[in-house]
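Only one chain is given next, in structure tokens, and it is the form predicted alone.
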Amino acid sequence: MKTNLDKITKQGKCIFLAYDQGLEHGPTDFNDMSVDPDYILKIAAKGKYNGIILQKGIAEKYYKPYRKKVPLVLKLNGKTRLLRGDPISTQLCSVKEAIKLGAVAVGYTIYIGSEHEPVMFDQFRKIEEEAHSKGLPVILWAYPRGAVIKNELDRNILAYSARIGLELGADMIKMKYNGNVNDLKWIVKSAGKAKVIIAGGAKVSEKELLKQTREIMRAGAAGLAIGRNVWQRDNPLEITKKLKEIIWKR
């Protein structure tokens, strides 16, 4: 069955609001407002994001009132920052459960180069097969990490990770930006027909964020999956508008 990227893109481009940091980082990223999932979901709805990225527990308890307001991208695996050694992120939610919760796309992290890579490859294979059979796009979080990875932002390592996403059957590949436009152009080319979206990462100045977004779009990426750089600000809807203007060249 053909996957429906139109549900999470507009004119082939997208901006997702990411809120899966609670599992990955703990509550250290949050303040009294952003610790409340309703606050984030309201930003996603009012800002007309192409999707909100959640883990299943948040989706179960908070997403229902927003089903018709913002599409759900459900993250199917995760880990804590407390884990030591080569990272592994195992499946926490099924495709079936994701659909029941209203998801129109699913996501999964593979730590490229980890000694546990084969386990994550196998889980991704099963998820990709089931999701595609139901028409759901699959987004791969492609993060090079592990003892053999000396520099996770190396051009060749990032391009290899993008190619792995294409080869495994991902529809979109979420990656970090190393700050080099020419490197990103090669990474996007390496991803072929799989769309590359860039992770927002830790909060930077507004000037730097807008500069990076212009570079990212110039390099041929499809858009952003951004969290802290939006909801850690006092003006989340204003920065959302500025980012969308760059992505869609309004």
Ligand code: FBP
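Everything numeric in this text was worked out from a predicted model, so none of it was measured. In case it trips you up, residue 1 is the first one in the sequence shown, and so on.
Separately, the form predicted in complex with the ligand exists; it is not shown, and the next lines address it.
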| query | finding |
| --- | --- |
| Stretch in contact in the predicted bound form with the ligand, which is absent here, among 137-145, 98-106, 163-171, 123-131 (heavy atoms within 4.5 Å) | 137-145 |
| Heavy atom of Ala222 within 4.5 Å of the ligand in the predicted bound form | no |
| The ligand contact in the predicted bound form: Gly201, any heavy atom under 4.5 Å | yes |
| 4.5 Å heavy atom contact, His25 and the ligand in the predicted bound form | yes |
| Any non-hydrogen atom of Lys13 within 4.5 angstroms of the ligand in the predicted bound form | no |
| Residues of stretch 18-34 in contact with the ligand in the predicted bound form (4.5 Å, non-hydrogen atom) | Ala18, Asp20, Gln21, Glu24, His25 |
